[in-house]
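Below you will find one chain, with nothing else, as structure tokens; this is the form predicted alone, and questions on how it binds or moves follow later.
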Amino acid sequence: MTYAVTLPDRGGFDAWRAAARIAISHQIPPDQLDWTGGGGLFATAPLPSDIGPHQVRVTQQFLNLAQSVIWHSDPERFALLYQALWQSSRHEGAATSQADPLGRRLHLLAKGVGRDIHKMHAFVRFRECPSNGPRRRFAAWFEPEHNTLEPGAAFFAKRFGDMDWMIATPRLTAQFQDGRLSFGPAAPRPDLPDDASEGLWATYFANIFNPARIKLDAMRSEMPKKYWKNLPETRLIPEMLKDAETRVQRMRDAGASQARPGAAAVSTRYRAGMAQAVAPPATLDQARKAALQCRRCALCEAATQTVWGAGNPDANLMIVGEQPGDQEDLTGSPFIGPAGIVLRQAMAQAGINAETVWLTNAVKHFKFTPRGTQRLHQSPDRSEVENCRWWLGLELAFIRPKITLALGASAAFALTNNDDAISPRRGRIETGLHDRPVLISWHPAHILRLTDPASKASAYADLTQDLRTAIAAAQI
């Protein structure tokens, strides 16, 4: 039996989600679903109208990925998302991970959608139209690569909320009138009137053009030629490129000014930092020095310093926490604050010498909220953990521990890319992104936050037992 699913032209995600929920609740395999609506050589039946007995819960990560992939123009996107949902429901691989072939393909589709929305925000050009009311009217024609008008139109509604406008595309039309955004069917390209402001924009564009900084490949990458026909400024580009070399020569003839005293030293330090950032570290110490210059996210702006790992570089056991605390940020050493004291006490009870293991954190900078003279801890968000995964990956690659102990949710996510709750996973060994075992346990800070003495003692006993399990596995 093959089931046919017909999805509307608009509201694609909600429609797919409703259909997928019904299909997965009846345990309909992916190969028995035709997301094109049927009509082929084989007989098809509609989906059941009611929810079946099997309930499936998905992670927020899967929903975020699906909400992006759904706007891609790939006709297989609906089937691919359902395949990922099916695998997740049966615990077959990690379909949202880029290490999984299906997950990698979905992430590429999502990346294409994000890039297309960015291009639309950058290259839509409105022209003013006659208006009979108090609000000005504008219209634009755009040709996106994917079905990105729906997710991309909210940007224009927020930015141009005091005017009425229309964006027409070959697939759909967006209308914003009297503060209300709506979508309608595709329309032919409108005959847009000339706009006097385009002349001012062209003059500005021509005057900011720097012929000495021409990089044609970079320009075509940021402004692909397929968009040029709808951009008023692009008609100036051929003439500006033709005259570029002459203008550069005039700049050379004018000569260069003398650099200010001290500029050479600043330039030397800057280039050294850039070279260090570009060249992949070859040793653990080189990785540490590179991390001291880390600018991968905004946490470096407020933190005192990067807090790199410490311990035995040949350790069989690596212990990974969430991020440095206030004292760690000031000293540059991991696990020396209140949570570190709890951890080291538990390690001692488990018979572990701290000098024989490698102690580090998933995020290398302290994230906090200032309140008076105090700096209150804030948990890092997903993007900050993902950005810092580069440094954690280098530590794992150079140290190559036999087993890694993940303390808390951030460390577990950084090591496994699984953001499920910690409680049911605590004490379990999972496979990390580096294809080696990861044991999940409580973070010592979690133990400190518990107010019930019995719960605190139980969590501390769990941590101590997990440390014993980890060290036993590390000595195999």
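Quick caveat, the model's predicted, so the values are computed rather than measured. The numbering used is simple: start at 1 and walk along the sequence shown.
Beyond the structure shown, there is the form predicted together with uracil, which is absent from this document and is the topic of what follows.
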Given the stretches 382-390, 318-326, 174-182, 105-113, which is the single one in contact with uracil in the predicted bound form, using a heavy atom cutoff of 4.5 Å? 318-326
Flag His443 as yes or no: does it have a non-hydrogen atom within 4.5 angstroms of any non-hydrogen atom of uracil in the predicted bound form? yes
Examine Gly309 and determine whether its closest non-hydrogen atom to uracil in the predicted bound form is within 4.5 angstroms. no
4.5 Å heavy atom contact, Asn361 and uracil in the predicted bound form: yes
If you check in the predicted bound form, is Ile167 within 4.5 Å of uracil, heavy atoms only? no
Ok, Ile117, Cys297, Ala153, Ala339: which has a heavy atom sitting within 4.5 Å of uracil in the predicted bound form? Ala339
